[in-house]
Each structure stands twice: as C-alpha cells, then as structure tokens.
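Below you'll find only one chain, the form predicted alone, shown as structure tokens.
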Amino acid sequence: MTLARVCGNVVATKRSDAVAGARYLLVAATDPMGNVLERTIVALDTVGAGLDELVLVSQGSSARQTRVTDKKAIDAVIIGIVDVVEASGTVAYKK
C-alpha cells in the first residue's frame, strides 16, 4: 500500500473496466507527513475520498482483490481515507 494525496479528478466516458458508477481520482504518493513525493497516478475511488485528502492506495494485482475490482482492468484503487499517521511515537499527519 501507498500513502497518497488526492490532487484531482479524472473523467473517462468510454472505458473498459466494467465497474458501474466508477469514480477515478488523480493521486500522488506522499511521505508520512503528507508531502507529495512522486508523479501522479489514476486510482479507482471505492471510499468517497475528496480533493486534498490523504488516502491509502493499493496497486497491481492487489488492486483487484476487492469485491468491486475482482477480475477487472484496475491497476490502482483507493481503499482508505487516512485520519492519523504516527511514526516513531510522533504524530506525522492528522486530518
């Protein structure tokens, strides 16, 4: 899993993923404090995440292990919205 920050929406009217009502978000990997580290990727939102929220993203074959994504052409899926990140006994991020 990866920590990522939601930085935008992606709209695709024609797609082959077969996920009814799918909502895709643009996310960028972050450090534990929520600072953006890498380029962005597109992830299927399964939890109702919003702009600028810190989320948990699963990628690759693990992204196809949910009820919604089973046997679908999905490479990245948002599986959680982060409330708190604690690292080495210190709160690194708090919503």
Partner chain sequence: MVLARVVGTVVSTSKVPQLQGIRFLLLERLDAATMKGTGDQVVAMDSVGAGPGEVVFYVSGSSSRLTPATEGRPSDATITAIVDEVELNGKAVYRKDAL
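Numbering follows the first chain given and starts at 1. Please read all numbers here as calculations on a predicted model, not as lab measurements.
Just so it is clear, the following notes concern the form predicted in complex with its partner chain, a form of the same protein that is not shown.
Looking in the predicted complex, any heavy atom of residue 76 within 4.5 Å of its partner chain?
-> Because a heavy atom of residue 76 falls inside 4.5 Å of its partner chain in the predicted complex, the answer is yes.
With a 4.5 Å heavy atom cut-off, would you call residue 44 a contact of its partner chain in the predicted complex?
-> Residue-level check for residue 44: yes, a contact with its partner chain.
Contact flag, residue 33 vs its partner chain in the predicted complex, heavy atom cut 4.5 Å = The answer is no: residue 33 has no heavy atom within 4.5 Å of its partner chain.
Contact test in the predicted complex: residue 20 vs its partner chain, heavy atoms, 4.5 Å = No.
Heavy atom contacts to its partner chain in the predicted complex at 4.5 Å, residues of 1 to 15 in sequence order = 7, 8, 9, 10, 11, 12, 13, 14, 15 sit within 4.5 Å of the partner.
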